[in-house]
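Taking the form predicted on its own, here's one chain by itself in structure tokens.
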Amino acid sequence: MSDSQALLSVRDLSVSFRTRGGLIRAVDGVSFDVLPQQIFGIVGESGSGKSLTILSILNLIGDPNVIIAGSIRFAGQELVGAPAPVMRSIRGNKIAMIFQDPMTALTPVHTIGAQIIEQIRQHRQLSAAAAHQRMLDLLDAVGIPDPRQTFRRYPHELSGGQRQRAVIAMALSCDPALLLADEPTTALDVTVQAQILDLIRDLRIKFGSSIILITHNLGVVAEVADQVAVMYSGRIVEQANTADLFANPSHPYSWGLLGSMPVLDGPRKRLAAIPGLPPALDHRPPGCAFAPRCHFVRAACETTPPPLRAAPHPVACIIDEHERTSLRMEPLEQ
């Protein structure tokens, strides 16, 4: 795919931190494209670099010791190293974000309506009355009951699901071309999760937005995403469209993630478990970062990180394609 076709094009992105022990690279050589009106999922365990990847898009990593390198092009405009005024004009306007915790994403001392109106008037030349009506329309669009009463409430007066809807309404207030959703269903009960996912799926239809969805839940990805990137220890280890990933996963880490999902039909069986823990960023193995946990490790895995190979879809693993079907049937536990 050419960069001109993509709304967002990320190339060789790295996010590093200066520490007393030296430079630690938390995101290492990540590349992907997001097409217009596409839902792009990024999955992986906690600490795999998912949130840092999307925070770097908006330059929202506040650590003064951070170093962001590589290229992030949005609608042809380079964002890495962009001046602060340029980033302020993009954040919340052309690119918006749904943060992981709706309680901390909202200011507790201001009403829901006041916060959404502030966002609108920051980026749109609207009168107070027009911004107020826009706020009410957004609350109604995301399914907030009785918006004319709810907009006067403070965040602590809303349920978790309603707060998340309010955060989504704020993110949509300026009709962004790209929406970054970081674990939007975390800490919500199953029924509310389903409602939020339905809402996200409808967003690209009603607002025409592309969406990057960050999650550790493959069930969420299967429900809404078109394309999926699997991250492990700061790197993308597999990328495919959603149907291909579930039908033909090619990386042992993806096998483990899929094997840990309960099956609703068929015989009951013990869920697969991936042994061990992800490596600490300052003790990442010289070769494949997954090698210490992989039952199928080879000598070559422990020397050089494998590059993404394009068969049958991009996967960072040296196992030959003809071996994968039989090996996938083996248990991951050693």
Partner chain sequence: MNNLLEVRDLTKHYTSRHGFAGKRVVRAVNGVSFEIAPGEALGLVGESGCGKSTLGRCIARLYNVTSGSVTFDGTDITRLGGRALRPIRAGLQMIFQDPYASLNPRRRVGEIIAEPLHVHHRGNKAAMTARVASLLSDVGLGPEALTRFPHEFSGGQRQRIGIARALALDPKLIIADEPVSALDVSVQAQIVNLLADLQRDRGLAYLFIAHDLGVVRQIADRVAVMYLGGIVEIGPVASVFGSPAHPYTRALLDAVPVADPALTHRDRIRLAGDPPNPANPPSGCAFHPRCAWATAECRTVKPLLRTLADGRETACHHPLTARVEPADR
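Since we're looking at a predicted model, the values are computed, not measured. Numbering follows the first chain given and starts at 1.
Only in words, not in the display: the form predicted in complex with the partner chain, which the text now covers.
At the 4.5 Å threshold, heavy atoms of Glu45 reach the partner chain in the predicted bound form.
Taking non-hydrogen atoms only, His216 approaches the partner chain to within 4.5 angstroms in the predicted bound form. Among residues of the shown chain, Gly76 is not one whose heavy atoms approach the partner chain to within 4.5 Å in the predicted bound form. In the predicted bound form, the partner chain lies within 4.5 Å of some heavy atom of Arg293. Highlighted residues Ala280, Arg298 and Glu302: none comes within 4.5 Å of the partner chain in the predicted bound form, counting any heavy atom. Stretch 45-53 is the answer when you ask which of 302-310, 280-288, 45-53, 32-40 has residues with heavy atoms within 4.5 Å of the partner chain in the predicted bound form. Residues Asp198, Arg201, His216, Asn217, Leu218, Gly219, Val220, Ala222, Glu223 are the ones in 198-229 with at least one heavy atom within 4.5 Å of the partner chain in the predicted bound form, listed in sequence order.
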